[in-house]
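Next up is one chain by itself, shown in structure tokens, the form predicted alone.
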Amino acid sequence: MADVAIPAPGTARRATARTALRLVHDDPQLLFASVLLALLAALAALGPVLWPQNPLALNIGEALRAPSPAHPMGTDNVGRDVFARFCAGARISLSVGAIVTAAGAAFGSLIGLGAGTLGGWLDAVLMRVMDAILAFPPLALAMAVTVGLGVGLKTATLGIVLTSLPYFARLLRSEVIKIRTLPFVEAATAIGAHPSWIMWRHILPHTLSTLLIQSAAVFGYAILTLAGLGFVGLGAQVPTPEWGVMITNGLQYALTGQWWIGVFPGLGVLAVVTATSIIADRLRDALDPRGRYAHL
């Protein structure tokens, strides 16, 4: 009997990492978006080290200073350093985006997997609940949740998580319905495998690429929605250095020439949303869900 080569532990993980790096390297758009997002994450993480100024410190004597070496993004109406506030806002926005994406992916995927695998009355009930959430404009529903539970950053995050659930649940449900008709799933069902075993062992691994693409899109959506809630005064509250709050504060000074107060946080929102949109789009093209099951 011929010897069978057994891959060393970690070989598959290293191969996957090499494939991901090659994908980024070979796609200029994906490379640009990844570098842009990495730079913003670096500013968020290293901001206090690179620029150790208190984003909440008031200095009326330095109010409304234009960008300069002393203040790379200028100062606001009460002398707070805009660059320090920009970095702090990046930490808030990226943290909320990560929380919303993780929570939405976890709970939304669980709903979609359960509905698609088990079907029947459970599928009908869960999808009607998701339809009820989708019946409301996402921003309006997030605003309603925030107002109902009390205005603030935590309730805004909870409202955004709620609005993100249907995006994961309905997409994963449709993927599961397709996957469960494939021969290897039908074979597992025929030999009497438990539905939960089939769901976790056979179906979930085949939805991970779809989940990854959707997570990238939802990450940008979460940051944009958080900025929208902050802009209308229902998210983070003054003096919290959140990008939406900073844009609102900068509006009243834009017409008098102090453009930097609102423009820089606006560019931060634009950069994150653009980067995540490009990443989601390029991953979708690279993974090509339409041909994923052609070899099975």
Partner chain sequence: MIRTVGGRLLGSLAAIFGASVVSFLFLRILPGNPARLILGPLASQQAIQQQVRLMGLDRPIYVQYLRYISSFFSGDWGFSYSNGRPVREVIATRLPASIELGLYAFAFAFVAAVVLALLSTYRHRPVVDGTVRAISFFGLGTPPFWFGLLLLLAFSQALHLLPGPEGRLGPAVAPPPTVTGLYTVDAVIAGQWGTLGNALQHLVLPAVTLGLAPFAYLVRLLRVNLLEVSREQFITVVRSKGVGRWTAYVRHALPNAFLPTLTAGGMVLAQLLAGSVLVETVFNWPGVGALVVDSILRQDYAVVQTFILLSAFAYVALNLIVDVLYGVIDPRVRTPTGAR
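Remember, it's a predicted structure, so these values are computed and weren't measured experimentally. Numbering follows the first chain given and starts at 1.
Keep in mind that the form predicted together with its partner chain is not shown, yet the notes after this line are about it.
> In the predicted bound form, which of the stretches 66 to 74, 259 to 267, 33 to 41, 53 to 61 has residues with heavy atoms within 4.5 Å of its partner chain?
The contacting stretch here is 259 to 267.
> Although the partner isn't part of this model, could you tell me whether residue 241 comes within 4.5 Å of its partner chain in the predicted bound form, counting any heavy atom of the residue?
Heavy-atom contact with its partner chain at 4.5 Å: absent for residue 241.
> Is it the case that residue 255, even though its partner is missing from this view, gets within 4.5 Å of its partner chain in the predicted bound form, heavy atoms only?
It does: once its partner chain is placed as it appears in the predicted bound form, residue 255 has a heavy atom within 4.5 Å of it.
> Would residue 205 show up as a contact with its partner chain in the predicted bound form if we use heavy atoms at 4.5 Å?
Residue 205: no contact with its partner chain in the predicted bound form.
> According to a 4.5 angstroms non-hydrogen atom cut-off, is residue 233 in contact with its partner chain in the predicted bound form?
Residue 233: contacts its partner chain in the predicted bound form.
> Which residue, 124, 147, 106, 187, has a heavy atom that falls within 4.5 Å of its partner chain in the predicted bound form?
None of the other options qualify; the answer is 147.
> To verify the annotation, which of these, 212, 139, 177, 198, has a non-hydrogen atom within 4.5 Å of its partner chain in the predicted bound form?
Answer to the contact question: 139.
> Determine the residues of 264 to 281 with a heavy atom within 4.5 Å of its partner chain in the predicted bound form and present them in sequence order; the list may be empty.
266, 267, 269, 270, 273, 274, 277, 278, 281, in sequence order.
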